[in-house]
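Here we start with a single chain on its own, the form predicted alone, put down as structure tokens.
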Amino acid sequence: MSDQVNPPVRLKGVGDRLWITFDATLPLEELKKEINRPFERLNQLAINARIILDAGEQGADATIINELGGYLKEKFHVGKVTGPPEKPQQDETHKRAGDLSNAWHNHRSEALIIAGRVRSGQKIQAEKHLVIMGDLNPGAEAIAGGDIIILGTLLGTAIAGQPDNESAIIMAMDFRPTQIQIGGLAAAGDASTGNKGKTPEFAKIEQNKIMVMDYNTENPFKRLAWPEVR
């Protein structure tokens, strides 16, 4: 007889699924008998139900999951049977906890933000990110250790990710540079071509070359699950 205070098989509804927690140390045949108890009470409600089989912290190999899944399908006509969803990797969990607790909302910005037109012969340099709220004219130069964001027209030279940060980007509302460089890779531009302000564009390194893309359709940050400090 099973210990009903702490039964070896427990069933609960989670969303549109039935979640079964079981003691994987029991012999397989005994587990099947214990699983019968809650499913016999469900009767017709178990038909085509989606099932999750979870052995808890002790875990269970795929053979046990497959055996119990096949048994439930044959005897109670349940639907799809799977193991529990995988938990996030430990470092990812720690990163998320750090972001939520004390990262971006307590972060002291290292970005240099300037307003106005940068004219020919002028050079703006930032240790990390650089934001220019204005234009970068032909003959002007912007250099940054991180990203360069230009809320205007880029017609001069933009050099990001110095000296070796190849994950940096260069973005402008109107992207027509004389020359751009990210990390150690450089590319020539042509101020007479480009989208002429129709849509923001950005440059990044992809497959060991600089690619220029439409920011609205290829936003490099849209797949992030939560805000991150760059």
Partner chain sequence: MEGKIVVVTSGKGGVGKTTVTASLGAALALQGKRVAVVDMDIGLRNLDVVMGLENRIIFNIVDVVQGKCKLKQATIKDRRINNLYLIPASQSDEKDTIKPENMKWLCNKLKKEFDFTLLDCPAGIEQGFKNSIEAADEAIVVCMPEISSVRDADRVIGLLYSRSITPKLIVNRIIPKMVERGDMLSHQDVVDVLSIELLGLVETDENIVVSANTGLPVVMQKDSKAGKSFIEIAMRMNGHPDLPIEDPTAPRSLWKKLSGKISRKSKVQIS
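Computed from a prediction, not measured in an experiment: that's the story for all the values here. Positions refer to the first chain, counted from 1.
This next part talks about the form predicted in complex with its partner chain, which is not shown.
> In the model of the complex, does residue 121 come within 4.5 Å of its partner chain, counting heavy atoms only?
Residue 121 belongs to the contact set for its partner chain.
> Is residue 138 close enough to touch its partner chain in the model of the complex, meaning at least one heavy atom pair within 4.5 Å?
Taking the distances in the model of the complex, the answer for residue 138 is yes, it comes within 4.5 Å of its partner chain.
> With the partner left out of view, is residue 117 within 4.5 angstroms of its partner chain in the model of the complex by any non-hydrogen atom?
Yes, residue 117 is a contact residue.
> Considering non-hydrogen atoms and a 4.5 Å limit, does its partner chain approach residue 155 in the model of the complex?
Yes, residue 155 lies within 4.5 Å of its partner chain in the model of the complex.
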